[in-house]
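Only one chain is included here, represented as structure tokens and corresponding to the form predicted on its own.
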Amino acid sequence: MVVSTINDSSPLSFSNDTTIPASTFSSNSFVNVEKGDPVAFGPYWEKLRDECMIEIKGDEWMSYFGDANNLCWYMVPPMRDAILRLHNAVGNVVTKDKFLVLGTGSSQLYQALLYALSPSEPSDRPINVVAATPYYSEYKDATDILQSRLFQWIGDAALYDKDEPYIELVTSPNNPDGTLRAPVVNSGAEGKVIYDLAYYWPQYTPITYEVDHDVMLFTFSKCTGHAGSRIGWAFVKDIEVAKKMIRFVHLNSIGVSKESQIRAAKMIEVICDGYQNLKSTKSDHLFFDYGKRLMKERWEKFKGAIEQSKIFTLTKYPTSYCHFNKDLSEQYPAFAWLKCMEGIENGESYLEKLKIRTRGGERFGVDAKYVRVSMIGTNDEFIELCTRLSNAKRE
């Protein structure tokens, strides 16, 4: 049985010395923490809205082409320069000797990579696609939706023992559980690895080294919070793979919106300018510093709520040295991965009774006792989430 006082308007104090302000949510409304909409960083961008203004005149950026001399011909030079500048500032990836491919979000680039890494000709044996559980819940659907003869979803990479070619997806830090990942397939077959590094940014995890792999995916959405711009990019070592990806984007959407590229380039410019002019920039105007403080504060409050309810357990994360922030730090993932205590079989159903919408473990290839909760929604959603969780009791 679930009991909760979800309309309590009083501030809450937890045993770990954190407090939650009074909630403004109606007791009849649902708190939706199922989605991964990264609007938590909105207040930062609101403060810098004037610095982020752009002007696009009626005759500008009309062409399909962004740079006809570039392999990725639809990418405009300011976008390319901004991406390289950002990674150089953060130090999270080796960009030298890589081809940069732009996409309409990393979701499009994922499908472009499946196409590019699959055999050139359809066969009776499509290449197998695997990921270690718990894996990102959209991988399976994004793989299966095309019903392709080139590739097929198989499931858990840790269980893969076929003597057949495969593509392994490695998300690090992982969505949903925030853990740092490496390939796990134990097979003598020929395999290719896609590294999804959507959350390898300083607000979520210490930057421990510059990642250097054959194929690496990034997304503007989780970096800055601008999910609506639909910008993603990949660093690719093999020019033939890069060419096939660009061919896919060409046929799928004839490139990427120039307006989105110009806006994304401006946002990145504002971030990088802040760190370039470090001595004259206010600390609350440094994006990754702001983001890390926000995520740290949320995680401390969330842990207090979970400890008070005594209904869930949380993933524990190591402390590592961050070369970007120059300090020892924990991880503060974009999602919390909860496991129900003994006696509760379905975490998603349990939280639904508290009017909290989440994404259950079965979507991620694991038991229904697990559930994913977004930590990057609005502040009001987060306050109400902690309030309802802390007041929940099991009888």
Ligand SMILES: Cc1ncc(COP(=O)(O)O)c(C=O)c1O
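What you see is a predicted model, and the numbers here were worked out from it, not measured in a lab. The numbering used is simple: start at 1 and walk along the sequence shown.
The protein also exists as the form predicted in complex with the ligand; that form is not presented, and the subsequent description refers to it.
Participant: Just to be sure I understand the contacts: of Gln203, Asn92, Gln261, Asn175, which is the one whose heavy atoms reach within 4.5 angstroms of the ligand in the predicted complex?
Facilitator: Checking each option against the ligand in the predicted complex, the one that comes within 4.5 Å is Asn175.
Participant: Here the chain is shown alone; which of Phe324, Tyr136, Trp299, Phe99 has a heavy atom within 4.5 Å of the ligand in the predicted complex?
Facilitator: That would be Tyr136.
Participant: Given that the partner is absent here, state which listed stretch (290-298, 274-282, 215-223, 183-191) has heavy atoms within 4.5 Å of the ligand in the predicted complex.
Facilitator: Selected range: 215-223.
Participant: Can you tell me if Lys244 lies within 4.5 angstroms of the ligand in the predicted complex, counting non-hydrogen atoms only?
Facilitator: Lys244: no contact with the ligand in the predicted complex.
Participant: Contact between Ala131 and the ligand in the predicted complex at 4.5 Å, heavy atoms?
Facilitator: So Ala131 does not count as contacting the ligand.
Participant: Should Arg80 be counted as a contact of the ligand in the predicted complex, where contact means heavy atoms within 4.5 Å?
Facilitator: Taking the distances in the predicted complex, the answer for Arg80 is no, it never comes within 4.5 Å of the ligand.
Participant: Is Tyr160 close enough to touch the ligand in the predicted complex, meaning at least one heavy atom pair within 4.5 Å?
Facilitator: Heavy-atom contact with the ligand at 4.5 Å: absent for Tyr160.
Participant: So which bits of 191-221 sit within 4.5 Å of the ligand in the predicted complex, heavy atoms only?
Facilitator: Counting only heavy atoms within 4.5 Å of the ligand in the predicted complex, the contacting residues of 191-221 are Asp196, Ala198, Tyr199, Thr219, Ser221.
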